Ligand code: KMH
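Taking the form predicted alone, here's one chain by itself in structure tokens.
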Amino acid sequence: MDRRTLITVAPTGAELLKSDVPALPVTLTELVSAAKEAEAAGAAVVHVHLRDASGAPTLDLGLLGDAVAALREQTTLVVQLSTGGSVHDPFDARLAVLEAAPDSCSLTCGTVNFGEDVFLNPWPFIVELYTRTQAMGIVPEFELFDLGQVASLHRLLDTYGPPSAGHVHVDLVAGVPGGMPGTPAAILAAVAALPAGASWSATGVGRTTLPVALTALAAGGHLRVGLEDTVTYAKGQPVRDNAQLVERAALLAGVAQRPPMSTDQARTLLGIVSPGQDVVR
């Protein structure tokens, strides 16, 4: 599997408006349709943010449970729920996301300026979220926005031990105003500081999408793409849909002679337990 590429699709996010980005999937039907198209294009993981009936970001537990069930019924994708929600969501609602029983969840290892907002992740919250994932057997994807968060990941693992599946997987998020820049130098510096044996994906926000993707493929990493992170395919060309971004990621992975992983291969890499199966370590 070290010759294959894990592709994650992040279809929606919490920042964009449907009125500004018509291709953005905001209903459950749209989300599932986007996920099915992304899986067909080469994605193995779907990173999920939900919207309510008005299109606003929500962490409603009933809607989260419905989304997990629908995605499992209609795709074979690894279902990863965001525990970040929007920058305005309270800590208790973010912790409760785990009750929807996803395969995986995001876990950001520190506070970061997020444009004009602040994405709060104080140490006690990080610890509570992490220890809950361990107890519930949910695989965390550690989202790291800067080198300080890489250091916090080491502190977390040294203090509380490995994830329940035994494997550490991170996503390096670059290009957010307030986080590390989306440059090869920044990505490689973060990779050099990761825990031994960790696998990693990289997300390039906005115009950093391609430099970050190409760096990740060259350095042995994996990819996350989607409308959550970029809405422009090329200068003056809006993204058609999430599948278009996954198709490009799969094409680049193929050129790098690291074709996309299947969903079963992704589960093996991440140590995700399917019903009736044991963790593969």
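For every residue, the number given is its place in the sequence shown, counted from 1. What you see is a predicted model; the values in this text were computed from it and never measured.
Omitted from view is the form predicted in complex with (5S)-5-amino-3-OXO-hexanoic acid (KMH), to which the following refers.
Asks: In terms of non-hydrogen atoms within 4.5 angstroms, which of the given stretches 31-39, 44-52, 212-220, 251-259 touches (5S)-5-amino-3-OXO-hexanoic acid (KMH) in the predicted complex?
Replies: Residues of 44-52 come within 4.5 Å of the partner.
Asks: How about residue 106 - does it come within 4.5 Å of (5S)-5-amino-3-OXO-hexanoic acid (KMH) in the predicted complex, if we only consider non-hydrogen atoms?
Replies: Residue 106: contacts (5S)-5-amino-3-OXO-hexanoic acid (KMH) in the predicted complex.
Asks: Looking at the partner-bound form in the predicted complex, is residue 87 within 4.5 Å of (5S)-5-amino-3-OXO-hexanoic acid (KMH) by any heavy atom?
Replies: Yes.
Asks: Applying a 4.5 Å heavy atom distance criterion, does residue 114 contact (5S)-5-amino-3-OXO-hexanoic acid (KMH) in the predicted complex?
Replies: Flag for residue 114 set to yes.
Asks: At 4.5 Å between heavy atoms, is residue 119 in contact with (5S)-5-amino-3-OXO-hexanoic acid (KMH) in the predicted complex?
Replies: Yes, residue 119 sits close enough to (5S)-5-amino-3-OXO-hexanoic acid (KMH) in the predicted complex that at least one of its heavy atoms falls within 4.5 Å.
Asks: With the partner left out here, which residues of 225-259 have a non-hydrogen atom within 4.5 Å of (5S)-5-amino-3-OXO-hexanoic acid (KMH) in the predicted complex?
Replies: Result: 228 alone.
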